[in-house]
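Presented below, as structure tokens, is a lone chain in the form predicted alone.
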């Protein structure tokens, strides 16, 4: 029997199409555990359960082949008591379906925890698109078709999952999704969206640094040395925030010549030292500094890199900085390096766009309060709470953040508790998984 999890995504898509299947769902049943919409995919369901690192009794995994492109599309839901699942859609190249599923599981779990710690009434969700072989995704016409496929997929889920921008996707991609669904945020400002979230994300990470330094009793950012891996969109704004706070020096590295050139032109002088490095060059991680900010790749904190770190505090914008959450958090703790989990520090991207439907206000207090240390749920205060909890319990900061987030994730939405569960039940009862294409839209008959 073929192990479906080992197949390349486009090969898996061809196999599904050959079986006459276009959709599939894996759902968590409170009494029987994980159920699968199609017996032919039962083995894939078992591989989900066997993924003990990333699978955490996720509420649902939905798969579909794009109506026009036949590309494998996914929507993952972790916990949704606080509200419908929300989180960005990632366009990425995966070696196997197993890798595709692992990424969606891990990212949706992280989003649920991030949303809960941020005080948002949203649950954990994430989207994944398996990038087709070659460079077709760079062709504008094909790309528009691909993201409209994803939008139709999201529409079919009736709001169980709301998507947004993520790695490999852009604001114009969100506009294509928005053309065929209302269940998307981070849409362009021209249609009422929230715009670029990078400035808010950068400011949030700097607030987390300040909370961690205060917890450690080592003062403010003023006079500190900060090393930054990645000075792209978020990193560039973060660098400016740090300079405003009077850091003594910033040592930065990036693989993009354009990013390096832009920072050098914008910030000449000895306080900012930025280097162009080759892909895979991780030397910036080992610079002596007060704060290390990983802003680029995931999995960069691992048994190979952690023993060589020379920072007292690690706090950055990159997602999934630890290659293995449990093992690598413990390695950092054993070296007396304070670590702020990424989903504690980098919340502001989703905060900036999650509630676009409620309109926009200049200097929106619903956004700016996250930067106010006096607000109990601010980035600063939550960072301190996580580190204090870890210290009291003698556990890692990752364990403390996960525990706090999981407690908050169990709080039901104040108006629509269990709404997502009801939507999913309705989808299955109406035969969502048996459909070979989304149902045609019907003309409205009334107001």
Ligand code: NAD
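Owing to the predicted nature of the structure, the values given are computational and were not obtained by experimental measurement. For clarity, a rigid core is taken as the largest C-alpha set superposing within 1.5 Å between two forms. Numbering follows the first chain given and starts at 1.
This protein has a second form, the form predicted together with ligand NAD, left out of what is shown; the following refers to that one.
Participant: Contact between residue 105 and ligand NAD in the predicted complex at 4.5 Å, heavy atoms?
Facilitator: Looking in the predicted complex, residue contacts with ligand NAD do not include residue 105, since no heavy atom lies within 4.5 Å.
Participant: Residue-level question: is residue 198 within 4.5 Å of ligand NAD in the predicted complex, judged on heavy atoms?
Facilitator: Residue-level check for residue 198: yes, a contact with ligand NAD.
Participant: Please check if residue 74 has a heavy atom lying within 4.5 Å of any heavy atom of ligand NAD in the predicted complex.
Facilitator: Looking in the predicted complex, residue contacts with ligand NAD do not include residue 74, since no heavy atom lies within 4.5 Å.
Participant: Does ligand NAD come within 4.5 Å of any heavy atom of residue 88 in the predicted complex?
Facilitator: It does not: once ligand NAD is placed as it appears in the predicted complex, residue 88 has no heavy atom within 4.5 Å of it.
Participant: When ligand NAD is placed as it is in the predicted complex, are 235, 296 and 349 each within 4.5 Å of it, taking any non-hydrogen atom of the residue?
Facilitator: Yes: 235, 296 and 349 each sit within 4.5 Å of ligand NAD in the predicted complex.
Participant: Note which of 84, 325, 319, 156 lies within 4.5 Å of ligand NAD in the predicted complex, where distance is taken over heavy atoms; exactly one does.
Facilitator: Checked against the cut-off, the match is 319.
Participant: Which residue, 274, 120, 259, 331, has a heavy atom that falls within 4.5 Å of ligand NAD in the predicted complex?
Facilitator: Result of the distance check: 259.
Participant: Counting only non-hydrogen atoms, choose the one of 216-224, 127-135, 288-296, 354-362 that falls within 4.5 Å of ligand NAD in the predicted complex.
Facilitator: Checking each option against the 4.5 Å cut-off leaves 288-296.
Participant: Since the partner is left out here, which residues of 30-63 would have a heavy atom within 4.5 Å of ligand NAD in the predicted complex?
Facilitator: Not one residue comes within 4.5 Å of the partner.
Participant: I want to check residue 104: does it shift between this form and the one not shown by 2 Å or more at the Cα, with the core superposed?
Facilitator: No, its C-alpha moves less than 2 Å.
Participant: For residue 175, does the CA position differ by 2 Å or more between this form and the one not shown when the superposition is done on the rigid core?
Facilitator: Stays below the 2 Å threshold, so no.
Participant: Rigid core aligned, does the Cα position of residue 298 differ by 2 Å or more between this form and the one not shown?
Facilitator: Comparing the forms between this form and the one not shown, which are aligned on their rigid core, residue 298 does shift its C-alpha by 2 Å or more.
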